[in-house]
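Presented as structure tokens, the chain that follows is alone, the form predicted alone.
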Amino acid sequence: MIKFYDAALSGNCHKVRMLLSMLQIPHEVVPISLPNMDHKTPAHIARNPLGTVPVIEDGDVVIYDSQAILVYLAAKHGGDQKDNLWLPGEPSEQALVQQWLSFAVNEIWNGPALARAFLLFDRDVDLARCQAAGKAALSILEGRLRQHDWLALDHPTIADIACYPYSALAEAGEISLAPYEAVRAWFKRIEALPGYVSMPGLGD
């Protein structure tokens, strides 16, 4: 059974929580307390030299980084390549998904995620700069979602899972979601998916 090293307030962990639930993958949750610095213990560093969460252990396979974990879970549990809606096997479709995975770890992380981290965890970042980057990222999402229900393809994929948590948590970084009507409608579509799970600040 998969072991999932999970921190309750981590949006990156929440990506993994959602996909594990949506794909109905049996797993054991191992809580990691960030305030107690569980992620910096020698045992956790042995699993992930970056000292971050999430991490999964699947037998002898150990994977860290939320995007990498999404790819692994979708590839292994999402169905045959030609039928895998979460991570399609066709190269151009895979590339479209990958574009948004990169967007999640760059534009979204450096915008709404770090703005929230400043206010919630006293992270040493430039709040105004992160808020400006967050608004820019949300504007890009808004432009895409005005014309499309989902980010990468015409159905939900791990691209949507990757970009959802920190976008939906933007107001915890004092970035208003009011101007982004299409983005807010996309949140509702994700929250209506079978197996969706919430976390503090999401889906309230």
Ligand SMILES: N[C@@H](CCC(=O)N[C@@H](CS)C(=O)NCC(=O)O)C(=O)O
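In this text the structure is predicted, and so the values were computed from the model without any measurement. Residue numbers run from 1 along the displayed sequence.
Below, we refer to the form predicted together with this ligand, which is not included among the displayed structures.
**Q** Does this ligand get within 4.5 angstroms of any non-hydrogen atom of residue 40 in the predicted bound form?
**A** Result yes; residue 40 sits at the interface with this ligand in the predicted bound form.
**Q** Closest heavy atom of residue 165 to this ligand in the predicted bound form, within 4.5 Å or not?
**A** Judged by the heavy-atom cut-off of 4.5 Å, residue 165 is well away from this ligand in the predicted bound form.
**Q** Closest heavy atom of residue 53 to this ligand in the predicted bound form, within 4.5 Å or not?
**A** Contact with this ligand, yes.
**Q** Should residue 123 be classed as touching this ligand in the predicted bound form when contacts are defined as heavy atoms within 4.5 Å?
**A** Residue 123 belongs to the contact set for this ligand.
**Q** For the interface check, one of 174-182, 144-152, 22-30, 60-68 should have non-hydrogen atoms within 4.5 Å of this ligand in the predicted bound form; which one?
**A** Going through the listed ranges, the match is 60-68.
**Q** Only one of 100, 86, 72, 109 has a non-hydrogen atom within 4.5 angstroms of this ligand in the predicted bound form; which is it?
**A** Residue within 4.5 Å of the partner: 109.
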